[in-house]
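So this first bit is one chain, no partners, the form predicted on its own, shown in structure tokens.
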């Protein structure tokens, strides 16, 4: 197991380096002159040239990239064009908000999707199966902005159970997380049902039943563990999506997350902010993928020897 973990970590390193290079290219070939964005269009040629030299923009591209990697290794992500503050101090609050939203969202998603999928699979063809699949079809099809506005009208303006916007206290995260989780949970329920039905039809499941094992033991100990691989995959992809910024939910509920910040950064043409955000999202997605692979190897030990 330890060898497999080390191998996966070593595989992530070149991926992250490649991502940093692509992010650097976006900055290098991006629209506009960084010096003019910092100093303004009316700066004198001498001041522009001095600033260009100070920033190292007069150096060859590979030299600039090496300098960028060195700064990145020290936690220096540059200076925001708009706020004139270090990008790390601008992104840190948004990153914290995004991580909180992602954790709560994935908790809701798992609580909605997995039990619903198991319930539908173990009652295949029955009323429960038909009702749950109809409901999940609505959840998959409903646009996030519609679900978010509906939750906002009912639970915030009518019932006044949750705040309408912002990040104030613990219950501020419920509505934006639920907006995303209802869609993801519906997808997860359908995936769980399909995976469970496939496994429940296998010979070893029929053998376990013929030996007189309890139904719950067969379904949860034998079937669920072997059906978990595609479920874990989907959960990992969904977690990466939320960590990348759920822009619609963050916009509806004014949640100060990373996706909303990066959208504003693009509008502001704040290249260092966007560049840092892309790198952070890619890193988080790589970490999620790494943990998914570890869970894979735990669920199916033959994978680590493949």
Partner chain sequence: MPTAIASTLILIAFLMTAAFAPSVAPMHPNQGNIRDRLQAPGGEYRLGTDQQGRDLLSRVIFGSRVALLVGATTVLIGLSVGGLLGVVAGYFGGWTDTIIMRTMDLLLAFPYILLVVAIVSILGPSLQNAIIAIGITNVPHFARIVRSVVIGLREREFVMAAGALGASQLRTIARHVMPNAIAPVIIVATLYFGRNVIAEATLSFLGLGVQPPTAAWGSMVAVGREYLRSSPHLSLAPGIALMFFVYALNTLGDALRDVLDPKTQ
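Take the two forms, find the largest set of C-alpha atoms that superpose within 1.5 Å, and that set is the rigid core. Positions refer to the first chain, counted from 1. Small disclaimer: the values here were computed from a predicted structure and weren't measured.
There is also a form predicted in complex with the partner chain; it is not shown, and the following applies to it.
Taking 74, 141, 89, 210 one by one, only a single residue has any non-hydrogen atom within 4.5 Å of the partner chain in the predicted complex, and it is 141.
For the options 110, 150, 174, 119, the one in contact with the partner chain in the predicted complex, meaning a heavy atom within 4.5 Å, is 150. Proximity to the partner chain in the predicted complex holds for none of 9, 69 and 84, with the criterion being a heavy atom within 4.5 Å.
Proximity of residue 162 to the partner chain in the predicted complex: non-hydrogen atoms within 4.5 Å are absent; the residue sits far from the partner. In the predicted complex, at least one heavy atom of residue 251 sits within 4.5 Å of the partner chain.
Although the partner is absent from this view, residue 19 contacts the partner chain in the predicted complex, with a non-hydrogen atom inside 4.5 angstroms. Though the partner is left out of this view, residue 155 does not reach within 4.5 Å of the partner chain in the predicted complex, counting heavy atoms only. Contact with the partner chain in the predicted complex, defined as any heavy atom within 4.5 Å, is confined among 133-141, 93-101, 166-174, 224-232 to 133-141. Contact annotation for 247-278: residues with any non-hydrogen atom within 4.5 angstroms of the partner chain in the predicted complex are 247, 248, 251, 252, 262, 263, 266, 269, 278, listed in sequence order. Positional change of residue 75 between this form and the one not shown stays under 2 Å at the C-alpha, relative to the superposed core. Superposed on the core, the two forms differ at residue 164: its CA moves 2 Å or more between this form and the one not shown. In a rigid-core overlay of the protein, residue 142 has its C-alpha displaced by at least 2 Å between this form and the one not shown.
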